[in-house]
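Below you will find one chain, with nothing else, as structure tokens; this is the form predicted on its own, and questions on how it binds or moves follow later.
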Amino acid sequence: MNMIGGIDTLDSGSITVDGVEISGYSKKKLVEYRREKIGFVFQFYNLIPSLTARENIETTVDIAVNTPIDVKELMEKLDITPFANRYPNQLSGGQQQRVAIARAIAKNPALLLCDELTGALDSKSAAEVLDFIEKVNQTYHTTILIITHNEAIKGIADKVIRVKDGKVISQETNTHKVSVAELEL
């Protein structure tokens, strides 16, 4: 995920994103790529503790190159307005994750990279976050890549790629896609 996101470099091989090989990009070009194309949702949220939920989301709008998504509209569509003025330590894990997702998509990236999206959440919060991710995909048409060890999540994916020891071992199109409500988390 870090290589696709332009954070880490490859030792060998290449990475092509949206028809463009990014693996040979300079550091400056990788910064532009991350700013223009990529949204990150980290496993441990990485929210800024001294900023409210709304302010955390606004941080990416301030650096957006593309036309950012209106923060108020984003918060309303994704049902996070009720806790807009709370600080991260006043939010549940699921609420923090939702704010982290909103922050990542506020700059309107083409690709949202999610690292262990539900790893630190109970099953109810995990279902809420996955429902939120479905809403992001449907509303903003954002391509979403979820890295997870939770086998149940594959049910909502369009495509499932299994990796073992750094190598792709299988790729399959999900022909029996289900809603988040049907997952057994």
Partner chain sequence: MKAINHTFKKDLRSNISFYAAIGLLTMFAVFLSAVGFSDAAMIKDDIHKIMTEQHVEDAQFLTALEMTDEDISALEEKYDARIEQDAYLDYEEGEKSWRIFRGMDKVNVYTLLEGDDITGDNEILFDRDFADSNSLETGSTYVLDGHEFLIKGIGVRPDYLYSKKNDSDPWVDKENFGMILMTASGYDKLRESCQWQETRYYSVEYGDEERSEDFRRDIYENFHAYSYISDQSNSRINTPATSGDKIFSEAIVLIPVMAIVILILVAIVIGRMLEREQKYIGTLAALGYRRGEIGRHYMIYAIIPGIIGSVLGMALALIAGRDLAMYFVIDFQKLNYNYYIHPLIAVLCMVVPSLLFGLVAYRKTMKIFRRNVVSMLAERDDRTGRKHGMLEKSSMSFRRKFRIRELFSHPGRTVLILFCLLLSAFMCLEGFAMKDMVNDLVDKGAEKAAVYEYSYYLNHMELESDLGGVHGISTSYETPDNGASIGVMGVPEDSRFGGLEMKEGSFGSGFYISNAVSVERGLHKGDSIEVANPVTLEKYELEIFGVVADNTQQMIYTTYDEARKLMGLDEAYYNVVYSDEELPISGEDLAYVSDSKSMLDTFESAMSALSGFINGVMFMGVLMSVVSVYLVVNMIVESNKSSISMLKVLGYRDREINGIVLNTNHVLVILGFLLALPMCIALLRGVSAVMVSRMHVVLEPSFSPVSALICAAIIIISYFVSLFLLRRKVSRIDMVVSLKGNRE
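Positions refer to the first chain, counted from 1. Bear in mind the structure is a predicted one, so any value in this text is a computation, not a measurement.
The form predicted in complex with the partner chain is left out here; the points below concern that form.
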Query raised in the report: Is every one of I7, I48 and K107 in contact with the partner chain in the predicted complex, taking contact as a heavy atom within 4.5 Å?
Result: yes
Query raised in the report: From the list T52, T139, S125, T148, which entry has a heavy atom within 4.5 Å of the partner chain in the predicted complex?
Result: T52
Report summary line: In contact with the partner chain in the predicted complex (heavy atoms, 4.5 Å), from 131 to 139, 66 to 74, 36 to 44, 152 to 160, is stretch 36 to 44
Query - Non-hydrogen atom contact Q95 with the partner chain in the predicted complex at 4.5 angstroms - result: no
Query raised in the report: Do F83 and the partner chain share at least one heavy atom pair within 4.5 Å in the predicted complex?
Result: no
Requested in this report: Examine N2 and determine whether its closest non-hydrogen atom to the partner chain in the predicted complex is within 4.5 angstroms.
Outcome: yes
Query raised in the report: If you check in the predicted complex, is T59 within 4.5 Å of the partner chain, heavy atoms only?
Result: yes
